[in-house]
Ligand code: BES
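Form predicted on its own, single chain, as structure tokens, below.
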């Protein structure tokens, strides 16, 4: 979708559909400021249809002899309560209501209440992402007519420079959605590695794929223990973005990459929704989606490493047993008291690998615990970090992106629950505080001198309901936060 700023007037526009955001009540005054084509009386239509302008309220109408011929009005509530997320939702609702019109889509919202950069990115991303549909696996997908372009009205032309980030970021989110949405027989560890190689080839990234033997040589016993129950070969993926010129910062993004998680011998049963465990690679999807976006945006001064230890957690005669003890690549021994807490085992070796790159910061994303979902629900991810500056930057990046996040405690005394009678550490602790002990487990595999953050996206990676900008299904959560952090919020030396 082509996105641009139109400095002209609506009355001279040749587009087909116009989205208008209106505050509650006094529609005549608001709409009177717009020079609409002759014969268009939107205020009267609103009154006739009992439209009040409540937040998210939708009204659309057609004028057959007019250009534009379709008007979509979205309620914004009271102006003093307006949030940037309200504009995102309004743009998404309007975009979905525009389906069926193939011409130009225009949008007018109260831009002056926010910075030009924030409103353009927020609404532009919302329009494009709300129209995304994954029809790859339908034999006869229902064709939908979508607008070909989006034009902003009433916003300064100088804000045009902010448009450049929308398409790469949305492409990264859409890629992440497709990866998470793909069934496990179509997205295997090898296919995920092939996707990484394809991105590297197209966008000029360096790529390294380690096979099982190479991982054995690196003594990645925790990662390989998870992989040994599957007939599919594990693939350790490492993409690298190197900027032109001097490198002032180096960061590593690590994503959990379980392309399917059966739970192993601690098989998922009952409410565990085993059929949905294809999304257990949501962290890797976010990291690879971010790689695709970062490669196109090409930020200066910063080198970025994208790391995924991809495999399946399955059950066969070779699968790891509950009670087994394995060695991670940093020498620590782990008693596996629950084979369904496998993601942290793969991340352990991936984090050790990331530390060896000597980055200035490491961020991992993982669909790690059901405990995080219980605590924060399905719209907010949990954040655990050893560094206040890193935590603040990630929270600001997430808020700017419209992705919910909340910092959680990383209380050292909870590590008591991870003590093992035989090994250095167990892979799970007591049920209470399960997402905290998961974070403390990961901390054992990170160099204490390197700022590190862990983001648990178990609740946010998938939605069963249409949330406007996120249609039902895979959300692509994390891509926007990571890209915004790297491009705008990271502490540059």
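The structure displayed is predicted, hence computed values, not measured ones. Numbering follows the first chain given and starts at 1.
Same protein, other form: the form predicted in complex with the named molecule, not shown, and the subject of what follows.
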**OP:** Establish, in the predicted complex, whether 256, 280 and 341 all lie within 4.5 Å of the named molecule, using non-hydrogen atoms for the distance.
**Re:** yes
Original post:
Which residue among 404, 391, 370, 103 has a heavy atom within 4.5 angstroms of the named molecule in the predicted complex?
Top reply: 370
Subject >> One residue of 238, 250, 268, 327 in contact with the named molecule, assessed in the predicted complex (non-hydrogen atom, 4.5 angstroms) >> reply: 268
**OP:** From the candidate stretches 209-217, 370-378, 298-306, 345-353, select the single one in contact with the named molecule in the predicted complex, where contact means a heavy atom within 4.5 Å.
**Re:** 370-378
Original post:
residue 261: heavy atom within 4.5 Å of the named molecule in the predicted complex?
Top reply: yes
**OP:** Give a yes or no for residue 458: in the predicted complex, does one of its heavy atoms lie within 4.5 Å of a heavy atom belonging to the named molecule?
**Re:** yes
Subject >> Residues within stretch 105-142 having a non-hydrogen atom within 4.5 Å of the named molecule in the predicted complex >> reply: none
